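Before any questions on how it binds or moves, here is one chain, the form predicted alone, in structure tokens.
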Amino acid sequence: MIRTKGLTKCFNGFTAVKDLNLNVRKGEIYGFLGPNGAGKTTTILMLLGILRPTKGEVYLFEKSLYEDYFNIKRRIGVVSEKQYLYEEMTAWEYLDFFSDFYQVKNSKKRIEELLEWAGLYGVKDKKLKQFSRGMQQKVGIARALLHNPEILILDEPISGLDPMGIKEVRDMIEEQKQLGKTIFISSHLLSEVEKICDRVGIVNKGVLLAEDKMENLKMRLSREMEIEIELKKITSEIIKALSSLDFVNKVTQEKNLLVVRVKTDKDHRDEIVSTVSSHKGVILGLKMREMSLEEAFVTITHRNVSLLAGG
């Protein structure tokens, strides 16, 4: 649905985005992640045709953006980081204004549906300047959905929101995925985006460092991971047997748990279960302790970029 090839943007000798190759699939939530200044907004402006790339191509719906620019743009909904709302308008007036702009059929019914969906119908006649940051963000999402776009591009959609606002916007995004929309989210709030994205691309200093499913990304970046085993009874024989396995780096005991630190060359859980069972251990629970997205990002941008090149 969204694809870029060698996308590059330079400003007076400064390269904001360099040789960017993205591939966003139909119906997925794709997280485009990186710190402030990484090139995320510049990329979005090129995806929308607001900025022309210095070189490279943007493809939407398998067409070059400039091949059928206006028809392609009609199939996209956008929520920018800064909402630029017409604050003297009411919520209804604002959506009604844009429904004319988008030439929305049965606009009154559509506005009612979106205000109900966003939980704002009860304040439809209230001026936008009186809305909280979270309410304004929901109005912006409703406006982006007026014309029922196939692609939804969200630039920092949860930035500046309180925990309740973050959850409400997150739920709204997940609902749109269930309706079959392709959603591209740019954000620096990694922990929140991790909860909803099918895949992520991590960018820093204009360069895409990784693009993958979260579980694959974590596996590629971490040289080891921890497996937590809850046992009915822990014995020194079980600890010794696990420690002797060539893929085990360390075994530690935490009350009734054993934490086994293993190499990430493959999934070793079957071998661990077999070893424990052969020493008369009864496993009550087993789970993997995964690296967080923040930890993955730090690893990518500061320490082990070379791991990705070989991954």
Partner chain sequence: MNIKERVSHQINAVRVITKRELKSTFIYGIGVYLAIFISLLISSFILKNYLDGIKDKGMLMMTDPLNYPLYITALISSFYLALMSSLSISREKDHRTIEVLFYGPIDHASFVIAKYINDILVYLIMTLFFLAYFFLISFLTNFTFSFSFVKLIILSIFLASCMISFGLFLSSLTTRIRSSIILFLSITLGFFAIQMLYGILSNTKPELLSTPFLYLRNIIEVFYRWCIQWISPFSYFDRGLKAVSLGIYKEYGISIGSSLLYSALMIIFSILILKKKGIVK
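Numbering follows the first chain given and starts at 1. Just so it is clear, the structure is predicted and the values come from calculations on it, not from any experiment.
From this point on, the text means the form predicted in complex with its partner chain, which you will not see here.
Only one of Lys167, His188, Lys177, Lys127 comes within 4.5 Å of its partner chain in the predicted bound form by heavy atoms, so just point that one out. The residue from Lys167, His188, Lys177, Lys127 that makes the contact is Lys127.
With its partner chain left out of view, which of Leu51, Leu245, Leu257, Val273 would have a heavy atom within 4.5 Å of it in the predicted bound form? Only one listed residue qualifies here, and that residue is Leu51.
Do Trp117 and its partner chain come within 4.5 Å of each other in the predicted bound form, heavy atoms counted? Heavy-atom contact with its partner chain at 4.5 Å: absent for Trp117.
Look up in the predicted bound form whether Asn71 has a non-hydrogen atom within 4.5 angstroms of its partner chain, and give yes or no. Contact with its partner chain, yes.
is_contact(Val78, its partner chain) in the predicted bound form, heavy atom dist at most 4.5 Å: Looking in the predicted bound form, residue contacts with its partner chain include Val78, since a heavy atom lies within 4.5 Å.
Could you confirm whether Glu237 comes within 4.5 Å of its partner chain in the predicted bound form, counting heavy atoms only? No.
Within 4.5 Å, heavy atoms only, one stretch in 117-125, 237-245, 98-106, 196-204 touches its partner chain in the predicted bound form. Which? That would be 98-106.
Can you name the residues of 1-26 that have a non-hydrogen atom within 4.5 angstroms of its partner chain in the predicted bound form? If the 4.5 Å heavy-atom criterion is applied to its partner chain in the predicted bound form, 1-26 yields nothing.
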